[in-house]
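First, one chain by itself: the form predicted alone, in structure tokens.
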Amino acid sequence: MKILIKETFKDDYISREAGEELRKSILAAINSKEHIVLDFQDLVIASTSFFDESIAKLVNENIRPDDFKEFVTIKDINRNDQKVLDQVTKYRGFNLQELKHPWRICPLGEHWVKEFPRKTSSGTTSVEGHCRKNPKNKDVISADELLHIANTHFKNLEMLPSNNDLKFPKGNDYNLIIAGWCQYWNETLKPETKIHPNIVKALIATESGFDPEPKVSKGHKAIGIMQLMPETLKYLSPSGKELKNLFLYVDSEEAQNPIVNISAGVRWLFRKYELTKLKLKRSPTWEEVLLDYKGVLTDESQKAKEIRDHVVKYMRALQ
């Protein structure tokens, strides 16, 4: 469902009455779980009353900001009107603003696109790096921005993994990358229990032995240092149906890079936490999530026992 505000409210688009009418349409869409697009193209509202009545007062209808974000897309709203909307919703306690992590380049609803060549009638020109809008105004991070974040911010980090190399030649080569992405996703997703970098380090030890290009059997599809499956990259993307927000634009080639691979792997571990919680019907430990990631949480076979023992051995060594 799409409402072009300029046409729908062409006779009156700044009053409380117009806002109330729009609120009823939004409320009906959310209650019926129907997606609705509010298109503000070629229009300046400049009315606190309209935004207060149409959106901010949804708080009185027992609608949560998360419900609004899931079913309502605001399109082409000008910056001044966005500021008015942010102010009135915050005043009502219906805060729609999501705080962007300070390491990010682009605002929420946009992702970074690096410089690239473009063919023209007169030859080839270079398009500078820029932020590009995402579908449905969601939080999406690209591989290019992942590389930028790691190269810029992975220095003074809060929590580092153990310096134990677990007897691997490259066992300590990725400690800063592991710590950086654990800190980023902990701060972004705000879990009830933060993930410790040792969890990720133990997982990498079991998956690849810290080799970005581990020797695998012919036909093996897993990618990189955390051995991510191509299907997992799809689950993490906006086109997947596994996540509601906080997506990654990462393809199989980009995921070969350990910086990108580890970020995607940690993001997937957080999704596994949610799935393991549903499976156990209680909040799991991160060690249990790791075992579920490996597919051996409840498997009682001899092979599963060996994998569990392997994981536990690394976890204990890193403590």
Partner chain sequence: MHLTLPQKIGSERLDTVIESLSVMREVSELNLNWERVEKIEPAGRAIISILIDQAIEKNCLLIHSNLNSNIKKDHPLLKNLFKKDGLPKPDQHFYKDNNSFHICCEGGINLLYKEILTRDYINILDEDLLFSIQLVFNELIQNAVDHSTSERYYVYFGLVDDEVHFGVLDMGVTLPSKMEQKFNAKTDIDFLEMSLKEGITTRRLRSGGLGLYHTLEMIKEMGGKFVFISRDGQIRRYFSQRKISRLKLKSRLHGTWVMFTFKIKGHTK
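Residue numbers count along the first chain shown, from 1. Basically, rigid core = biggest C-alpha set you can superpose within 1.5 Å across the two forms. For clarity, every value in this text was computed on a predicted model and none was experimentally measured.
Another form exists, predicted together with its partner chain; not displayed. Remarks below refer to it.
Worksheet item: in the predicted complex, which of the stretches 221 to 229, 83 to 91, 145 to 153, 240 to 248 has residues with heavy atoms within 4.5 Å of its partner chain?
Response: Partner-contacting stretch among the options: 83 to 91.
Practice prompt. Give a yes/no on whether S25 approaches its partner chain to within 4.5 Å in the predicted complex, heavy atoms considered.
Written response: No, S25 stays farther than 4.5 Å from its partner chain in the predicted complex.
Worksheet item: Quick one: does E53 come within 4.5 Å of its partner chain in the predicted complex, counting heavy atoms only?
Response: Answer yes; at least one heavy atom of E53 falls within 4.5 Å of its partner chain in the predicted complex.
Worksheet item: For E17, is any heavy atom within 4.5 Å of its partner chain in the predicted complex, or not?
Response: Although its partner chain is absent here, E17 would touch it in the predicted complex, with heavy atoms inside 4.5 Å.
Discussion item. Residue-level contact is defined here as any heavy atom of the residue lying within 4.5 Å of its partner chain in the predicted complex; does R79 satisfy this criterion?
Written reply: Taking the distances in the predicted complex, the answer for R79 is yes, it comes within 4.5 Å of its partner chain.
Worksheet item: So which of L291, L269, I45, I259 gets a non-hydrogen atom within 4.5 Å of its partner chain in the predicted complex?
Response: Here the answer is residue option I45.
Discussion item. With the partner left out here, which residues of 252 to 274 have a non-hydrogen atom within 4.5 Å of its partner chain in the predicted complex?
Written reply: Nothing in the stretch sits within 4.5 Å of the partner.
Worksheet item: Does V44 count as moved between the shown form and the other one, where moved means a C-alpha shift of 2 angstroms or more after fitting the rigid core?
Response: It does shift by 2 Å or more.
Practice prompt. Using a rigid core alignment, state whether the CA of L269 is displaced by 2 Å or more between the shown form and the other one.
Written response: Stays below the 2 Å threshold, so no.
Worksheet item: Quick one: once the rigid core is lined up, does L22 have its C-alpha move by 2 Å or more between the shown form and the other one?
Response: It does, since the L22 C-alpha is displaced 2 Å or more between the shown form and the other one after the core fit.
Worksheet item: Knowing the Cα distance between R23 and L246 changes 3 Å or more in the predicted complex, does it shrink or grow relative to here?
Response: Farther apart in the predicted complex, by 3 Å or more.
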